[in-house]
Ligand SMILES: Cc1cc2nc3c(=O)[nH]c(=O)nc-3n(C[C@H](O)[C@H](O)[C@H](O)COP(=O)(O)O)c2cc1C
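As a starting point, one isolated chain is supplied in structure tokens, in the form predicted on its own.
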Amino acid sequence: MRTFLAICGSLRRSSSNKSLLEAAALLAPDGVTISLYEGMGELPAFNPDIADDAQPASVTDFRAALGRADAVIISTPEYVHSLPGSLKNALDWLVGTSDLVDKPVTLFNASPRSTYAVAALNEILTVMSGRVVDDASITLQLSGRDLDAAGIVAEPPFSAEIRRGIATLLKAVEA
């Protein structure tokens, strides 16, 4: 059994990026579990003065979830040509750790307009030594469609692209 951790960069309840990740969890093939990380809003502002042994429980839980995952799927909106602060903050908590080193990571994008955020995230993950699997990355046009996870799954072009991305990420994990 393989476990993929899905991380949404948005804190919005009705986020199209969250719906995309929930759809991916519904479309995961046998032998793959996709778990959505729900603690993004619980992470405190990153402070490098906090020692590992004094980290808040939310940080420890995030790092443990990442450690258990065979791969990571990140889907994020773009705010003013950049990542949302919540996602950047979460990634900052991983600086100086080996939590992402050589871990396969792919980017699912709910809007073709989010090119700056995708480029920034690619750069950050590369610097952190994550193994970005570009061939598994997907971009869908979900903006303005108001689709929940079931609605995304019901759209054959969307579900086919999500399945392709997951299958490609799984191949990278097993390589």
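From a predicted model like this one, the values you see are computed outputs, not experimental measurements. Residue indices: 1-based, along the sequence shown.
The same protein also has a form predicted in complex with the ligand, omitted here; what follows describes it.
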Check Val80 for me: does it contact the ligand in the model of the complex (non-hydrogen atoms, 4.5 angstroms)? yes
Would Arg113 count as touching the ligand in the model of the complex under a 4.5 Å heavy atom rule? yes
4.5 Å heavy atom contact, Ser143 to the ligand in the model of the complex: yes
